[in-house]
Each structure stands twice: as structure tokens, then as C-alpha cells.
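Just one chain is shown here, as C-alpha cells, and it is the form predicted alone.
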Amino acid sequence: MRRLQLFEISDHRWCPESVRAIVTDYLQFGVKKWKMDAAIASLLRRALRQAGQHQVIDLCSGSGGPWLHMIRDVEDEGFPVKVLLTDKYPNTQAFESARAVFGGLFDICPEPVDATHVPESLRGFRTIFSAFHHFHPPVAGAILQDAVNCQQGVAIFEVTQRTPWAVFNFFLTSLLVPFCVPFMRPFRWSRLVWTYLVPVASAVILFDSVVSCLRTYSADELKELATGTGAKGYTWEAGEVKLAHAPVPITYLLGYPG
């Protein structure tokens, strides 16, 4: 299948923040349900150790991404990790909730952060979870190039995949939204409103999930984008992690100086 750029409803400013939050919350719920966070944590822990980095700058954080479930797993004995949550459209309510629960493990950036031009003051290993597919190749390449130019590590993880099987699975799981919403945490009244009173959540999640699959980069394409940065002295690794309990593999790219 050829990658299609297309668009997702939650990409746009006119999409209400509470609807955008449902999309990211549902994705986060699925990652936890399918136990993908453990595999992601293992890969990321290894990359952070290799890079010697304890500070993480999470880009495109949405509602906090899998960090809320896996921060303890990424941390290792004698290797503490602190995460700064950032986004182009910061969900400050979700960010504040994460900080309230985990205290000093999380910082938040209330100002918009462009993943292609991360402020010099934000130094640390950069992560992007299930959002890299939003960017067409020139912008995706610019995100990696900015990390290289600043000599910072970067990790990309995608839980969608550009295959007919993935499209079929995400189509089916999107139909389960009304049954999953009561179990999502933290509780939000807005989810109930958009799911049952004004039932648009299922349609938005279904549309965005299928489009996400059609936009997702393959491991080979991620490696090609990384090679295009012309980075010298960087270690790059791209691949897939297949999990017995998840419908599709996790696609990832890791890069760091050294």
C-alpha cells in the first residue's frame, strides 16, 4: 500500500479540544489494553542508556501518551528519568493531571512546541508516540533533522501500520468506543457527552484511526528519512516489534549520537 497523506479530523484547530482529547485518550487506552507500553518501554530504556540521557522531551504529547503508564517501566535502578510533556496544541488539563499523579517525574510546557523547531532551551532525548504519521515526508525529515542539528536523541513509535490487516483491525476496534469510554481514566464528563449525548466520538475515532494507518511510515521509510539527515556519528535503528496480544506490530525508529 502506498502511503497517503490525507488528513485527520483531530489534526485541525477547528476540532474541539475535548474531542481531540477523546481520540488521544482512546489511543492511550488501547496501547495499555494491548500491553504495547511494556515493549515500548524496553526499547526506549535501552536507547536512553546508550545515549546517557535522563531528560526526555516528549513531542506531540496529546493527553500524555503511553508515558502515563510506562514511566515506571522506563526508569531503571540507578537510572532516573524525567519527562517534559509538550504539544503544538497543549492539553494542559491532561498535562496537569499527569503531574498531579506522578509529581516530580513530569514537567509540562504550556506553550505550543513545534516538533520541527524545538526551542534550544528544551534539551533532552526526544520522543514521539503515534503522531509521526501526521507529518508528510519533508516535515517528518525536518523533525529528525532538528534533533540531529541539536545533537539530541530521538525515538519514534507507531502503533498503526499501513496494511489491509491493520486497517481492518482499527476499523473494528473503533466500533467498540461506546463500550470502552466508561473504563477510561482519568474520568472526563466530556467523553460521555461526545460519546452518548452528541455521538460523534466513535465516528471521529473510526475516521482518524483508518486514516492513521494509511499515513503510517514503514520501518524502511523511517530509516530512509533518518539517512536523509546526513548525520555523522549517529546510531540509527528501525524495525518492528510483534506482540502476541496486539493486533499489529509496533514500528519504531531510534537515533542518538554515538
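Residue numbers here begin at 1 and follow the sequence given. Just so it is clear, the structure is predicted and the values come from calculations on it, not from any experiment.
The form predicted together with a small molecule is left out here; the points below concern that form.
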Problem set entry | Contact of Cys109 with the small molecule in the predicted complex (heavy atom, 4.5 Å) | no
Exercise. How about Ala131: is it within 4.5 Å of the small molecule in the predicted complex, going by heavy atoms?
Worked result: yes
Exercise. Does Val113 reach the small molecule in the predicted complex if we count a contact as any heavy atom within 4.5 Å?
Worked result: yes
Exercise. Does the small molecule get within 4.5 angstroms of any non-hydrogen atom of Leu222 in the predicted complex?
Worked result: no
Exercise. Check Thr24, Cys60 and Tyr89: does every one of them have a heavy atom within 4.5 Å of the small molecule in the predicted complex?
Worked result: yes
For this session: Report the stretch among 148 to 156, 162 to 170, 131 to 139, 181 to 189 that approaches the small molecule in the predicted complex to within 4.5 Å, counting heavy atoms only.
Result: 131 to 139
